[in-house]
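Quick setup: one chain, the form predicted on its own, written in structure tokens, and binding and motion questions come after.
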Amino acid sequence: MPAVHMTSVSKTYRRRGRPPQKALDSLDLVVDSGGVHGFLGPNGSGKTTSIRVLLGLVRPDPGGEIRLLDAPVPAGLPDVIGAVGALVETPLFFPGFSGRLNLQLLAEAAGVSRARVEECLETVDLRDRAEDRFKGYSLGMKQRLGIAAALLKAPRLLILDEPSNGLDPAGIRDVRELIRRLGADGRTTVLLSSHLLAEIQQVCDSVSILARGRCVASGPVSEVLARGASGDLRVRVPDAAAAAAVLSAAGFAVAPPEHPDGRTLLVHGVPAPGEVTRILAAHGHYLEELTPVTADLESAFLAITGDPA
């Protein structure tokens, strides 16, 4: 059973004096249960609108179908919303209260035990700072406390919308490691919305890419990366200039040597790397290195959408 299933969902914003703006355009999205699913797209691609529609905070256009933990949205939301945790915007807490007291108040309102508060503080690595006032927390600590609040009810689905936004490198690292742990425990499906390509690539098992309100690619991260693979090879030989001439004469597209050692070439769009080896050896050039240029999520994003990442 998918944790999230959206079929042909659209959302059009209409404001007086402005043309209609389509934030979602027949969006199809499936998030399988378990692990961390990345929700990737540039700002304005429809990620936050999708999450708001999913949680019943925004009404979609007529038509389409939405299921959350196999319950229809919005009619079935009351039956499953208790199994969903979400951090959609900057978390709001009482600034003069400690992190622990803030969570205890939320737990009391939700009928959650104080023991669960301590578990969540431990999960987000805030036990040692739990008695500090919220206003003294760094932005990264505030985000982690927000994630702890979303975890209080031990959700089956945790939705995080741009949790690393505005964080310094240390804060990004801490949140990234936390998300990785949450996805690995097997109890919670994490839907991570982000425009940060590196964040998605480092922590997610699968990914959906949004562009202009539509899902343009979805699947395991390795499969999506493969769509952006270029077939480029990095080739190092003792005489790069002569090797480049040989490969060019054989019909390969070769970039001139740029590496400081003057012996490394970039050969573009190679369908069979063994051909490069064979041709060079036949002309007396023996490889010191032949390495495929690894695709990353940025190149895959550009190949799939044609948009700047």
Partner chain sequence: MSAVVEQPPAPARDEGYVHPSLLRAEFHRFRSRRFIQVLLAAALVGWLAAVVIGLFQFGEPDEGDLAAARAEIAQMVEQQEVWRQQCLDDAPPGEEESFCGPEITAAEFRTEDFVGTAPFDLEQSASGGAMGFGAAAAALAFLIGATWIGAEWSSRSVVALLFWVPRRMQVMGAKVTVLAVAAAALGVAAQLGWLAMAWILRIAVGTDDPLPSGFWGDLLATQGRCVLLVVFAALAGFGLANLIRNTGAALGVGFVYFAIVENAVRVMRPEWQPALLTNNAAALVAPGGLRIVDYENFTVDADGNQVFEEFVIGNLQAGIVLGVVAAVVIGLGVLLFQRRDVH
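Here the rigid core means the biggest group of C-alpha atoms that line up within 1.5 Å when the two forms are laid on top of each other. Positions refer to the first chain, counted from 1. Because the structure is predicted, anything quoted here is derived from the model rather than measured.
Here the subject shifts to the form predicted in complex with the partner chain, a form of this protein not shown in this document.
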- Task: Verify the flagged residues Tyr13, Val58 and Gly171 against the partner chain in the predicted bound form: is each one within 4.5 Å by a non-hydrogen atom?
- Result: yes
- Only hit among Leu196, Ala184, Leu106, Leu225 for heavy atom within 4.5 Å of the partner chain in the predicted bound form is Leu106
- Note on the structure: the partner chain in the predicted bound form has a heavy atom of only one listed residue within 4.5 Å, and of Ala217, Ile81, Ala71, Ala130 that residue is Ile81
- Among 235 to 243, 217 to 225, 200 to 208, 114 to 122, which stretch sits within 4.5 Å of the partner chain in the predicted bound form, heavy atoms only? 114 to 122
- Non-hydrogen atom contact Thr189 with the partner chain in the predicted bound form at 4.5 angstroms: no
- Message: Residue-level contact is defined here as any heavy atom of the residue lying within 4.5 Å of the partner chain in the predicted bound form; does Val88 satisfy this criterion?
- Response: yes
- Query: Any chance Arg212 has a heavy atom within 4.5 Å of the partner chain in the predicted bound form?
  - Reply: no
- With the cut-off set at 4.5 Å between non-hydrogen atoms, does Arg52 touch the partner chain in the predicted bound form? yes
- Task: Give, in sequence order, every residue of 139 to 159 that has a heavy atom within 4.5 Å of the partner chain in the predicted bound form, or say none if there are no such residues.
- Result: Arg144, Ala149, Leu151, Leu152, Lys153, Ala154, Pro155
- Task: Taking the rigid core as the superposition reference, indicate whether the CA of Gly213 shifts 2 angstroms or more between this form and the one not shown.
- Result: no
- Query: So, does Glu131 move by 2 Å or more at the CA between this form and the one not shown, with the core held fixed?
  - Reply: yes
- Are Gly44 and Gly166 closer or farther apart at their Cα atoms in the predicted bound form than shown, with the shift being 3 Å or more? farther
